[in-house]
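First, one chain by itself: the form predicted on its own, in structure tokens.
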């Protein structure tokens, strides 16, 4: 056990080091000159240069990083140029609010999610089971910024049951001063006032409920699946045969064994809620770390952004570390298997992998140069940029020529053509049968059929937008906030634009960005996961450490910071959402490749003398393609939510472009006048994401016959 703990702590050290480097580079990665951003656009060049000299911005980057780490270790996180206050003082006010919100949301998600999952598993195929599954699907498909608006209007506005906007009733408690920053802890242990504690919890309930929606649905679904599996085990039948009461069988035997993976999910969800709190805090004007990050991005305030990224990553890594250790305590089998690694393909060590890593450098250089150009940071005619791009293309051309020579000398070109032809024939032969089988299955799987219908409806709207939309979505009609009528089916917005036309064109924008982001995640994740899983050893260590580093950040927060670096426009949302989705695809593809490469037919191909790359491309990957397609279908729904959420935060660029998140944001800003606009935009997002989730679940059931009987 001590060995496992030491190994986990040692594994966290390089991730913490990588987080510190990434946070430091944020100062130089944000658009514009750091000194100019801090001093303002009116600062003279002399003042800017003087500031750079005083702050050491002209020093080499390693020297700047050493100074940055020394200051951070001594509690000096810099000063915000937006508020002119020490960042550490502002974090002491903001971080406790976010942690308190995330903890309360995790508690709600765990209690309600586990209860619903157990109830659904105990009574399978009952009304409770269908309600739980419906809640889980809608919960993971729900845009929380839309749900927050609905609950505000209903619970705070109409019924006036729950308060909105503050952490406690200031008028009722004018003399309240927090000593720890955690209002709940202060009310319990400092003031020891029951009424004050209830008031704090009363204010926490609504934002926590909104934030807990997605993890609540995931926990309910996972608990149900695990309970169904455990209830079918032999020891459960033995307990029933002994005459134990059903409640004892469920609570003492089934639930305890089913909760082992659920506990891990709960710990992981707490870390992700820190990133998801960005949206919730914006909705409820909650002065936490999420709104602090958005404010820093809007003002290009690097110091608060650096500190916020470090704090969130530190908490996220710590929570995951504690979760892993608690999982090992609950399941003793992991104490002895945690150090085992997968066996590498023979002949793949660091020396054998090094040429591949070097060959990838020009491609990495090309990616960086394209990103710099797409974000507008390189002026046209820049000699240094043109030279770097020219050198990169020469290197790529040399690589391509060398590859062709090697392939020709070894006779692999004809083998590749034969393999592609064989793969095409096999795909055509078996693909038609698979399509027929899938069609028959979907006709009997009503949820998947409904999901496919929703997807087709949105695709028709996106493709046929020029013919379906009656008006130009970006042109004002001089008819402001007009109600729905025969001429304007959904009315007009505050700018006089036809809302129906904007929603139709918004389907094209949202689906285009989400599809491009999903394809980017799929392509990069498949390459990384396939190489890491099949070759193992050095390749696995190299790629998966990078994936672990990316997973050190909550995904949505990482997307927010990526947009801040690249610049605010819809095209950059593709990069932000796509890069954030790479770890999910990489880990799933790696797991599938590890499973497939141990099968007999792969060993037979290796025994016949086929090359490693050929086996991976023609034998292993084709047998992993169906789970990857399912993952891409489900990932498309998540990408739509991320794109809409980032656009809602104002990170989508041009506010006149029709996009569902932006349309919802515009209606939100109009308060009661834009309620209908918020409603229809939210329904579009919900229905589309729900369609992809329903269809993805149907594909998963089709691929796994065992799930058809559940």
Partner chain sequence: MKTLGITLGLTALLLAVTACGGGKEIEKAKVEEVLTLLRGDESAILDPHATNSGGDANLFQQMYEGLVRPSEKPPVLWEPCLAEKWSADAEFKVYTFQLRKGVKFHDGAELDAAAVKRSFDRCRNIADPAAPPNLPYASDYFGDIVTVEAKDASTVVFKLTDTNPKFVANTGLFSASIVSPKALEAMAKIPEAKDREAWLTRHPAGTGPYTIADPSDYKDASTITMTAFEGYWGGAPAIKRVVFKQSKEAKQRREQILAGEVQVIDSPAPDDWAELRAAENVELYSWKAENLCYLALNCDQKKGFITANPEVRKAIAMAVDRDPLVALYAGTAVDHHVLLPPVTLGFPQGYMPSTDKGPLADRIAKAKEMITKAGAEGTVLRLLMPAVPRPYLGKPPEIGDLLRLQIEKIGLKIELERQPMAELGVSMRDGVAPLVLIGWMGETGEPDDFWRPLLSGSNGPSNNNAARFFNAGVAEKIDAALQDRDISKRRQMYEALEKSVHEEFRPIVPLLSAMQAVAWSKKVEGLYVDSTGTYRLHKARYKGN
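Just so it is clear, the model here is predicted, and its values are computed rather than measured. Residue numbers count along the first chain shown, from 1. Just so we're on the same page, rigid core means the largest C-alpha set that superposes within 1.5 Å between forms.
The discussion below concerns the form predicted in complex with the partner chain, not included here.
Here the marked residues 441, 447 and 465 all miss the partner chain in the model of the complex; none has a heavy atom within 4.5 angstroms.
This chain is drawn without the partner chain; in the model of the complex, the residue among 500, 549, 393, 176 with a heavy atom within 4.5 Å of it is 176. This chain appears without its partner; in the model of the complex, the one residue of 606, 81, 545, 253 with a heavy atom within 4.5 Å of the partner chain is 81. Although the partner is absent here, residue 189 lies within 4.5 Å of the partner chain in the model of the complex, judged by heavy atoms. When contacts are judged by a 4.5 Å heavy atom cut-off, residue 171 counts as touching the partner chain in the model of the complex. Using a 4.5 Å cutoff between non-hydrogen atoms, residue 130 does not count as a contact of the partner chain in the model of the complex. Shown alone here, residue 489 lies farther than 4.5 Å from the partner chain in the model of the complex, counting heavy atoms only. Segments offered: 610 to 618, 215 to 223, 130 to 138, 146 to 154. Contacting the partner chain in the model of the complex at heavy atom distances within 4.5 Å is 146 to 154. The partner is not shown here, but in the model of the complex the stretch 485 to 502 reaches within 4.5 angstroms of the partner chain through a heavy atom at 494, 495, 497. Relative to the superposed core, residue 169 undergoes a Cα shift of 2 Å or more between the shown form and the other one.
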